[in-house]
Structures are given as C-alpha cells and as structure tokens.
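Shown here is one chain on its own, the form predicted alone, set out as structure tokens.
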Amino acid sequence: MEIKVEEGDILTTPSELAVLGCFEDAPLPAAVAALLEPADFSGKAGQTLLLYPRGAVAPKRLLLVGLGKREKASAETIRRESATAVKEAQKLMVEAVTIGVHGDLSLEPEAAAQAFAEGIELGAYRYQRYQTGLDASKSFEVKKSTVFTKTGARTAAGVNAGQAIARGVNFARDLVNGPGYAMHPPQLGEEALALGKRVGLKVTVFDMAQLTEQGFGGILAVGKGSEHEPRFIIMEYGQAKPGTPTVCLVGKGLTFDSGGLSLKPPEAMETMKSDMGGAAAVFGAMQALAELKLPLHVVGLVSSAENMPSSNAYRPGDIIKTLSGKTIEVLNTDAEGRIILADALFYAQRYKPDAIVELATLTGAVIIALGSHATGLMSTDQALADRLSQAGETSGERVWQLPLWDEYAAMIKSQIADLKNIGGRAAGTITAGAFLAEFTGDYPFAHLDIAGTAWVDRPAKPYDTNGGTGIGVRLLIEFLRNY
C-alpha cells in the first residue's frame, strides 16, 4: 500500500474517509463536537463512532477512534488506531483513507510513523488464497493511506521501517496459514531459498541424506513417520567480523503436528498447521532485517519436520541420539518440538553467537499460564532477557519471564538416557525451556514459547485476523535494532 505522511489538518482536507484518534481526557475539536451529543463518544480505548458530517468538515465520512487516556498512549495505541482505520476503509470500499490524532503524542515522530505504517499494513492483511467467489466487499483493497501530523520530520524513515516490518509479519502469517499438505518441510526449504534470492541471504538447506550423514538424530526421528522428508534450513545475513555482533535466531518448523503415535484428540489437531509459528517468525524477521539493512550478523536456523503416525514413526520408549551426542528418552511423541530444536540449538554453537534466541509453539501449559496476551520467556542470561522484555513492550509483542532454575533441569533427567522429553504436568513450560537450554552450551540463550500467541480464533487486536498472527517478527526486529 502507498503510505505517506503530510503536515496539515485532517478536518480541512477533503477525503472519502478520515479517521481521527481522540483521547479520553481531551476535548474534541469544536467542529466535531458540534456534530454529536457529549454522551455519544467518550474517547475510551477502542471506542468508535462513524459520522457523516455533510459539509461541517471537509471529509465525506469521519470515523472517531478512542485512544484512551493520553498518559497511557504508546506506539501500540497508534498501531491499533491505524488498523481500525484501514479495516473501516475496507468495509466501506474506500480506496484512500486519511488518519490523524487530535492532540499531541508523546512519541518521537519516526516511532509514531512506524506504528502508523505497521497498523495500516497489518490491519489490511487477509488470507484469501483458497477462497473462491468472493464478492467485491471481501476482496476490496485500500490503495492509499495518508497520515496527518503536525510535523513531517523524520517520518519517511519510520514509514519505511514500519512497512518492512509489517511485510515480514505478513510473510510469516502466509507461511502459517497455508495448509499442511502445501507447506511441508521440503516446501519450507524452497521458501527459504526463494527468500534468499529475494533479499540477499545466504541460504543452505540440508536434505535427508545430509541430515543422516551429519547426525541430526532429533530431526530425523521426529520426521521419519511422514512421507514428507525433514529439512534443516540455514539463512545467513551479514558476515562474522570483529565489532559486529552475531545473533542466532532459531525456529521450530513443525509444518503439521498430529502428535505422532501419542495422537492428539481431533479438536487439538485442527490448528496444528500453525506448529511452525516459530519458523515463520524467523523467516519474517530475516526478510525484514535484510530490507532494513541492520548492521549485524544474524543466522536463522529452522528445524523442520512433520510429526505423523505410521509404522515407521518414532515410538514412546525410543532413545534418540541427537546432533550433540546427548541422548533423549521419548516418553511422549507429542513433545516433539524440543527434540528437533535440540539439533538446531547445538548447531547454533558453531557460530559462537553473542546470543541465541529461539521461538516455538512448544507447550499448552504456557496458554494456561499466560493466555493469548503474552509470550513465555525463559533465559540463561538476564541481560538478554531484559533486552527481549524491553523489545516486547516497545513492539507490542509482550513477553513474561518465567524462572529457569536448576531444580527444573533436574525434572527432565532420565534414568536410562541423558534426558527425557517430558518432565510431567507440573511446570511443563519451564521444564521444556530447561530441556532446550541443555543444548546451548555457555552461550546466552532465550526461549520464547509462543504457543498461546501464534494463532488466534477471535482476534483481540484490530491488526490481527483469524489464523496466524506472525508473532515474534516485530519483537525480534525491535530486539535486533537495539542490540
């Protein structure tokens, strides 16, 4: 979409649809207040009111969006307003929409412009690849958005950044929303190669023969029950050199998870094409950071397999030898994500990274703990955890830290192997994090459990839609930009 920023007054500029954000604790513009009764609109966060001014102000339609109290305003406030704006424009089939805020924002102009652009692009997203016979209202696309501010300074860079980040999020959403039969591990490898050509990444994809030769026992074990062979994907941006930090991003790429022989119940399997949400976040972040040309060396690593039941599938009671040489006793084949990630996390050590950040739709337990409003964070390094927490607040993709004490690591020790792949119902999210930390050596490591945030059936935010959220992309880019 074309997005530009202009200085001026949104109420004196003709448009088909103008969207004006208003604070709860500030009076409305006089021209707007004259159009309604005081009780009609209070400015509470999320409140909307569509007006037809009929010449009282220049826009043909005026949508008021409540922003809540001014002191609580943030980039997330702007993100939600602009997403609301573009969704209303879609509904009204208006090709161009103008957006503004009544009153002063505490945000820097560039940060505000970025938030406006992110909300617009994310709010406009629809996944319609497999829908037929769509009427005009459902397939309508908004062509242009204009953001009105009191100053145009430093806004172009913010818009460009916001659009690059949103493209990364929407790319991740597309990967997750594709059906499992179409987005299987070999296809995910092809997507990585195409991404590399598109934005200039060095991409390597290990196939079955290479995985076998090099000893990727975790990935091979989980993937051997499916006709779609597993893959290990390496995407490299920049180069390792003195003075340039190296960060490894690791993603779980279970393109479909039936639970294997420890079969999931049908209702738990319906959305399991989303079990590659961590991989999708890494893909989206790698695209965005390449477009933003961040001065870092970043390596994206994705373990990809399909967990299916068959006569060749791995079994409860099996012992798996991973790439690291450590062995895993399998107690439940539905705890497969940590097994394939074990290989990727050990592989990350060869880059001698300053940080390893891994994302996975790993445990149902994190949904019980945090719902869909925060991602679970566990880390072996508090400074790294603090960086991610701050990035979560700024990006709107909030995280909540859980402990990773030695007592939790003891819960996943096996009697007959080095580790067991589940530690019981108690502290299930944390013991999964403790399991993963066993494969990261002494490198600073953070695990992000996105099981509750990677997929939504009833979006709570205007910029989300049903299905994959693309969670993690905005968080990772904010983290990397400030590394």
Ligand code: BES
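Fair warning: this is a prediction, and the values are worked out from it, not measured in the lab. Numbers follow the displayed sequence, beginning with 1.
The protein also exists as the form predicted together with the ligand; that form is not presented, and the subsequent description refers to it.
J.: Quick one: is Glu291 in contact with the ligand in the predicted complex, heavy atoms, 4.5 Å cut-off?
T.: Close contact is absent here: in the predicted complex, Glu291 is far from the ligand, nothing within 4.5 Å, heavy atoms only.
J.: Taking 4.5 angstroms as the cut-off for heavy atoms, does Ala451 touch the ligand in the predicted complex?
T.: Ala451: contacts the ligand in the predicted complex.
J.: Do Glu81 and the ligand share at least one heavy atom pair within 4.5 Å in the predicted complex?
T.: Taking the distances in the predicted complex, the answer for Glu81 is no, it never comes within 4.5 Å of the ligand.
J.: With the partner left out of view, is Thr363 within 4.5 angstroms of the ligand in the predicted complex by any non-hydrogen atom?
T.: Thr363 belongs to the contact set for the ligand.
J.: Tell me the stretch among 115-123, 69-77, 335-343, 159-167 that has any heavy atom within 4.5 angstroms of the ligand in the predicted complex.
T.: This holds for exactly one stretch, 335-343.
J.: Kindly confirm or deny that Glu397, Val399 and Val456 each have some heavy atom within 4.5 angstroms of the ligand in the predicted complex.
T.: Zero of three within 4.5 Å in the predicted complex.
J.: Let me know the one among Ala410, Ile319, Ala240, Ile367 whose heavy atoms come within 4.5 Å of the ligand in the predicted complex, would you?
T.: None of the other options qualify; the answer is Ile367.
J.: So which of Lys224, Lys202, Lys264, Arg198 reaches within 4.5 angstroms of the ligand in the predicted complex, heavy atom to heavy atom?
T.: None of the others qualify; the residue that does is Lys264.
J.: What residues in 378-399 sit within 4.5 Å of the ligand in the predicted complex, counting heavy atoms only?
T.: Counting only heavy atoms within 4.5 Å of the ligand in the predicted complex, no residue of 378-399 makes contact.
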